[in-house]
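This document starts with one chain, in the form predicted on its own, laid out as structure tokens.
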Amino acid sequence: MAQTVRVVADKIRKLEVQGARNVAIAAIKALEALAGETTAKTRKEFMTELKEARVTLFASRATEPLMRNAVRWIISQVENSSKEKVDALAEVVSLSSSQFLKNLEASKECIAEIGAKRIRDNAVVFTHCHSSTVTHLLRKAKEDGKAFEVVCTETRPVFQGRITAKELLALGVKTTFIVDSAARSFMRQADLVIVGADAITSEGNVINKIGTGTIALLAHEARKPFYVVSELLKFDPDTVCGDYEEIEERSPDEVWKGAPEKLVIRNPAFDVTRRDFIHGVICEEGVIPPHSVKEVMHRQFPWIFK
């Protein structure tokens, strides 16, 4: 297995690569690198390398179905290929990777086009954590001539909200940065909430950065529409078979480095937002109700259930 795969997996594990889309892209490029560096002599050896890479990449983060679906699809293209020579199979990896990335970029543009229409002039948008898909949607709204402002949370304990704030300022968007615990105080000023997603379950529930579920409850209390912006391939097919999406728990040092001994510190990275509190999922297919996601997946990506 190429050293590149191990290096990328380590970067994903350490949060040096952040955001579901960026994690997926990094994994795809790692597979391309493996194909380019392979020392395999036979189809069987090459497939073994790919499957070992899959295990390594899957283990890097618990809640990354977009990355897992990308890796699954690329490897399935090789498995379904009739080619026997390793260089020809490596070319299948390269072409499949390019096609997936192209489709991913197209979905990003489509989502931005659809989502930007939900932002009206002079709107106040509330967001949590960092999502490149959300930022791109806001960029599109800005390009469309919409005048709006954003309230974003700092997103403890790793402060991904700072990335969001910097990106929005670079776009020329008026941005207010708040501590997470101030969310209820500022929710009443918002017109809508837009967040990203790390995973979508078969029930239409959404897994996203810790605190998202609380933001959804606050939006519900304040009667503000709560939208999730996501590619459909963040759907986790394992949840169809009854598995729960695993909630990654990270090092206590992220919360308090050098904390007193015997102090118990819990640091879950994600939480679950129930579909009851989600106004709509903004995806490539439009703005759809969360309970329809599984049906749409069967129609658009039937291979994911095999």
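One-based numbering along the sequence shown. Because the structure is a prediction, the values reported are computed rather than measured.
The discussion below concerns the form predicted in complex with a small molecule, not included here.
Participant: With heavy atoms only and a cut-off of 4.5 Å, decide whether residue 68 touches the small molecule in the predicted complex.
Facilitator: No, residue 68 stays farther than 4.5 Å from the small molecule in the predicted complex.
Participant: Find out whether any non-hydrogen atom of residue 208 is located within 4.5 angstroms of the small molecule in the predicted complex, and reply yes or no.
Facilitator: Although the small molecule is absent here, residue 208 would touch it in the predicted complex, with heavy atoms inside 4.5 Å.
Participant: Can you work out whether residue 193 and the small molecule are in contact in the predicted complex, taking contact to mean some heavy atom pair no more than 4.5 Å apart?
Facilitator: It does not: once the small molecule is placed as it appears in the predicted complex, residue 193 has no heavy atom within 4.5 Å of it.
Participant: With the cut-off set at 4.5 Å between non-hydrogen atoms, does residue 131 touch the small molecule in the predicted complex?
Facilitator: The answer is yes: residue 131 has a heavy atom within 4.5 Å of the small molecule.
Participant: Which of 137, 233, 197, 216 has a heavy atom within 4.5 Å of the small molecule in the predicted complex?
Facilitator: In short, 197.
Participant: Check each of 282, 293, 20, 9 and return the one that places a heavy atom within 4.5 angstroms of the small molecule in the predicted complex.
Facilitator: Contact residue from the list: 20.
Participant: Given that the partner is absent here, state which listed stretch (114 to 122, 208 to 216, 166 to 174, 79 to 87) has heavy atoms within 4.5 Å of the small molecule in the predicted complex.
Facilitator: Flagged stretch: 208 to 216.
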